[in-house]
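Below, in structure tokens: the form predicted on its own, a single chain.
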Amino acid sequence: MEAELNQPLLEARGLGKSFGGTVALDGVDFAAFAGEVHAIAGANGAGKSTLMNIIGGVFPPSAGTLHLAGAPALFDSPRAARAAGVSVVYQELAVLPLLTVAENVHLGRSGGFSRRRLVAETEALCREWGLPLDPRAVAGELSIAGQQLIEIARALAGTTRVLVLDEPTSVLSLGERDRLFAIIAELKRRGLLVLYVTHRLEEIFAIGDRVTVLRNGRKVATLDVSATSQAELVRLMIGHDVRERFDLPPVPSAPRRIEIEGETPRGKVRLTLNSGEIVGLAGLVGSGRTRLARAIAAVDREWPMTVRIDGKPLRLRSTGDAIRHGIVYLTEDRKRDGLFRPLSIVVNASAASLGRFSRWGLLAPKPEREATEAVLRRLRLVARSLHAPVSELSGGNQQKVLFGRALLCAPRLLVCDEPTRGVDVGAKDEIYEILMDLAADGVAILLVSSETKELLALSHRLLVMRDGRIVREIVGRTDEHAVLMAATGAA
């Protein structure tokens, strides 16, 4: 493809970035051209965010140079990058909710402009690019997809030549994703360079022309998408092939027995787990998997559950009671229910176990920090500092912080609800290892996942839910077809 194009529009030569003693980017070279969708792929800690932030002017490189249309481009701020024609739409959107669409699109524009003119120019912009936005609408009343379109419109309102999209489909529906892909195709047709940063490999193959793979801060390869495969990309990203099935640790010969009984609107629910056992919970959306998981850990009381450990009933009136008895819930939505995003990694990891580090109501920071450091070191967390805000971390590392929180609670039963949602393949592999290590240590794990392959790879046994009831138990090898048949009620 490069032979058909002329000079790269954007080029990195020996680009490097260090934070203290941590090397985040190490001698990266890559070239991207006008009129292409160039994907940036890599596991957590690969350097994708660092590269994106250098391109977007958030911080300068420690080494190497960036070139735009052949000329050196050192941006000392995002404003300088935008003035040169480089715009970044981050996963964490920067829309001001109380302003209108038109006001957000032209945010920071110098000079006095009437409201009528802002609306007229925004209408023209949206019509030109096919953006389904009402300039008069209040931004905060739009969906996440609508707010993302505002950011794209803001980028297109200037002289953008390079548009960087950071995990743009992470919260979009399939319909919203397809609309975004159509917009990206039009941007490409008009000669813009779209840098597409994502961990969703299927999207790279849906819209990408070429892909640059980073691993451990270094460039591994730049490939034509049409000449590679998902399996090859995964191998390049994590350094080895992904396993379809794991060698699970054996369940102890004399395990602790955990029994759970309860009522749902559709009848009784009963399940058992043994210490050291991973039990998968499968089912379609609406089957009741998450409601059951939250009820077991006393997060919700809509479905009352009785939990017995070795025959002894536990009194679980709150999540605090559950944690004190060693029942810990890992939420499916870490942003909404799991993390205190402005607070530090240490505070987030220790939030559920402060009693361990307190005396007479006073927190002892040193034991808290030491225990947190030990747990997160075991989980191979990648972070510049444990005192940095947890919001700085990648999705996979944020998930590791939640696992660290669970480990500090010394769980006997860990209820994991979609533990690999929103993380890349490298982080998934690491999370799988964490789950198996916990099982080897004797922790019982109830694994809720919408990915049947994940359940088949990791579970000693599989329970299938439908309409609020457990309809089948599967022991031993099976396949996705059998699980889907049970989940749908097909004969």
Partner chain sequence: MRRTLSAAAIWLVLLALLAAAALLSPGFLDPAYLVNIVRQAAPVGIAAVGVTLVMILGGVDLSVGAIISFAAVLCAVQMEGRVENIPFALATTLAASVAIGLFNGIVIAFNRVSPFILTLGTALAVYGLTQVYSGGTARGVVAPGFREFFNFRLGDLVPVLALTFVALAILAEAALRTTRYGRSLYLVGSNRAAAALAGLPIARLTIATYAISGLLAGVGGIALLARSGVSSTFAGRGFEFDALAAVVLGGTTFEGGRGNVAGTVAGVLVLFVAFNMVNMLGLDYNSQLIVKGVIIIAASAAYTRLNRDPG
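These numbers come from a predicted model, not from an experiment. Positions refer to the first chain, counted from 1.
Another form exists, predicted in complex with its partner chain; not displayed. Remarks below refer to it.
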(request) Indicate whether G267 is a 4.5 Å heavy atom neighbour of its partner chain in the predicted complex. (result) no
(request) Give a yes or no for A71: in the predicted complex, does one of its heavy atoms lie within 4.5 Å of a heavy atom belonging to its partner chain? (result) no
(request) Consider D337 of the chain shown here, and say whether it contacts its partner chain in the predicted complex, taking contact as heavy atoms within 4.5 Å. (result) yes
(request) Report yes if any heavy atom of I260 sits within 4.5 Å of a heavy atom of its partner chain in the predicted complex; otherwise report no. (result) no
(request) Choose from 200-208, 218-226, 172-180, 317-325 the stretch whose residues reach within 4.5 Å of its partner chain in the predicted complex, heavy atoms counted. (result) 317-325
(message) Just to confirm, with a 4.5 Å cut-off on non-hydrogen atoms, which of A157, A145, A352, A383 contacts its partner chain in the predicted complex?
(response) A352
(message) Looking at A410, L343, A120, A374 here, can you tell me which has any non-hydrogen atom within 4.5 angstroms of its partner chain in the predicted complex?
(response) L343
(message) Within 4.5 Å of its partner chain in the predicted complex, counting any non-hydrogen atom, which residues from 353-371 show up?
(response) L354, G355, S358, G361, L362, L363, E368
